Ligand code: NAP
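So this first bit is one chain, no partners, the form predicted on its own, shown in structure tokens.
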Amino acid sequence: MGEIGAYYTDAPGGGINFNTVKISGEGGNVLLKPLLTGICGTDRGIVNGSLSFAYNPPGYSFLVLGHESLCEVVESDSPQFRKGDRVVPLVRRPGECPNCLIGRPDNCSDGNKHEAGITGLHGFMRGEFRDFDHNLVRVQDNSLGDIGVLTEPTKNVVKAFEVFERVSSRFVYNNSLSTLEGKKALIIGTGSEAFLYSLLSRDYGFETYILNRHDIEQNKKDMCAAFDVNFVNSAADRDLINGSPIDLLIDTSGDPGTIFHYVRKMNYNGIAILFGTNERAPVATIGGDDIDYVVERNITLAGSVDAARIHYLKALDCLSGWKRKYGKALDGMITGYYTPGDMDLFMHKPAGEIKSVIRW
């Protein structure tokens, strides 16, 4: 492949450039053109050098960014895809561990996997690229439109709720009517991933809250109202939800102080899913009383990262269902469209951002 325009960095050191790059030796029986690529906290973390686990592909002094994408098939030598199909490429590519070999690289047991745009594999923020058909998931529902770019973050949400279901099966978690009515879920953060978590939480039947340490913009308040989600400003009232304990805690911030503040407000048999990563979060002290609280209440703390192909498929089903249910409110998840070459977007989050995307 010749020279193409791309966003790239030098991982893990950071920095951001947009220029032509030459990438050789990439195989694939499908040629893809990105339509939209999303910006998330991981991209910004790599750019500002705060994610030490990111690294360049072997033989390259740079890493092409981008793991959230909606692409169009330009050419195909695969019977599974035709020119014009819309697809989402898988981010995590398997290694040779037992979990990777059975199609669950999200549970890689030796760390020898690669993630496009993050760890040792060029990402999707470039004019075009090749990939193999087994790494692609077709977007069947044409009505999704641009919302298809949310497939990648939504698959993380689906995977986390798979973890929740596995953990909650170790005891009677439902109420006496075998439902989740009356159960309370708190999601820390108000970014795109937090809103997606809130949507699936509502589908499960939780009374759902999202939390930030400051007030949120009006568009986010409108989103909460449309999705029947409650907002908590922890700076104004850190104990607002103290009236009844939390049954499910989901963190998208990676801030240990905030996490353990709310772990201490969890119910017996509560489940905390840790998703956010933030190496620059302030150090927080955890005391013996914190451990006692977790142990005596059978609280489970579980990390969840990435997802497998099955979660992408379920994510597309979720997005289709939410599109039918919420209509234009779901479209409001995309709060800004940008053109290739805009680099300030990686350094500064626009006001009111839920999901910013680059249109190629």
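Residue numbers run from 1 along the displayed sequence. On a predicted model such as this, the values are computed, not experimentally measured, just so you know.
This next part talks about the form predicted in complex with this ligand, which is not shown.
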Heavy atom within 4.5 Å of this ligand in the model of the complex - residue from F275, F227, F164, Y209: F275
Selected contact from P57, G41, P34, G38, since only one has a non-hydrogen atom within 4.5 angstroms of this ligand in the model of the complex: G41
Contact segment among 94 to 102, 79 to 87, 187 to 195, 167 to 175, judged by heavy atoms lying within 4.5 Å of this ligand in the model of the complex: 187 to 195
Interface membership of E128, this ligand in the model of the complex, 4.5 Å heavy atom rule: no
Close approach of N156 to this ligand in the model of the complex, 4.5 Å, heavy atom: yes
Any non-hydrogen atom of R213 within 4.5 angstroms of this ligand in the model of the complex: yes
4.5 angstroms heavy atom contact with this ligand in the model of the complex for D255: yes
